[in-house]
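Below you will find one chain, with nothing else, as structure tokens; this is the form predicted on its own, and questions on how it binds or moves follow later.
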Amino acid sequence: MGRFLRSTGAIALAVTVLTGCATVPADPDGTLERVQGGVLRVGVTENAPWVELSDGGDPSGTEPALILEFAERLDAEVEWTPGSEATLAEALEAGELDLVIGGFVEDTPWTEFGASTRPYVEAGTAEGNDKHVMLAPLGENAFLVALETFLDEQAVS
């Protein structure tokens, strides 16, 4: 009887683990699902040539161009929100933004407010090479994986 119970318990555990794996990566707040066919809320801070802001116009530069392509893939409209790094990082943490861009580099101090992507491009500077990242909501792993997959497919230079 004990052997039967252990086997049954092992099967129940295996089923639980396997069904749980089917939902990884997941977004606890549903970011990817909400953005698909909806609105991608992007915070932008000026840092040319990565992001350039003009009065009244949409942002331009390397990263806005990438985000427009990413949004197209998700069948989403982009809503741009300009601001300082600190303001945008707080808005990201509060769930008011889905993404923050602005030429952030791998050692950005804003990772307590958002998850950084893997570096998607290296750019040479006088001090060496900067590895550029973007910021997404903490814990929204399905959205982060979709963004990183998209960035991995791009040939950014």
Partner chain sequence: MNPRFGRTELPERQAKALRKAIRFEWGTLAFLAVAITMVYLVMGSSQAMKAAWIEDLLSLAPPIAFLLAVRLVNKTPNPKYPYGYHRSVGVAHLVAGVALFTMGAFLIYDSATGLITAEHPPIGSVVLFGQTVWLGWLMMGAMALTIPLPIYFGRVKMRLAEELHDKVLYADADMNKADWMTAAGSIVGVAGIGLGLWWTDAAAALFIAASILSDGFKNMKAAITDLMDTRATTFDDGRPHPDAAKVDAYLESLPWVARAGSRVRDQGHVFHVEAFVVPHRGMMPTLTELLDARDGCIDLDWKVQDIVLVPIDELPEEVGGPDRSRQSERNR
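Numbering follows the first chain given and starts at 1. Keep in mind the model is a prediction, meaning the values are calculated, not measured.
Quick note: we don't show the form predicted together with the partner chain, though the next part is all about it.
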query	finding
Interface membership of Leu144, the partner chain in the predicted bound form, 4.5 Å heavy atom rule	yes
Close approach of Leu32 to the partner chain in the predicted bound form, 4.5 Å, heavy atom	no
In the predicted bound form, Gly37 touching the partner chain (heavy atom, 4.5 Å)	no
Any non-hydrogen atom of Ala91 within 4.5 angstroms of the partner chain in the predicted bound form	no
Residue (of Gly57, Gly95, Pro109, Pro28) lying close to the partner chain in the predicted bound form, criterion heavy atoms within 4.5 Å	Pro28
One stretch from 40-48, 58-66, 126-134, 110-118 that, in the predicted bound form, holds residues within 4.5 Å of the partner chain by heavy atom	110-118
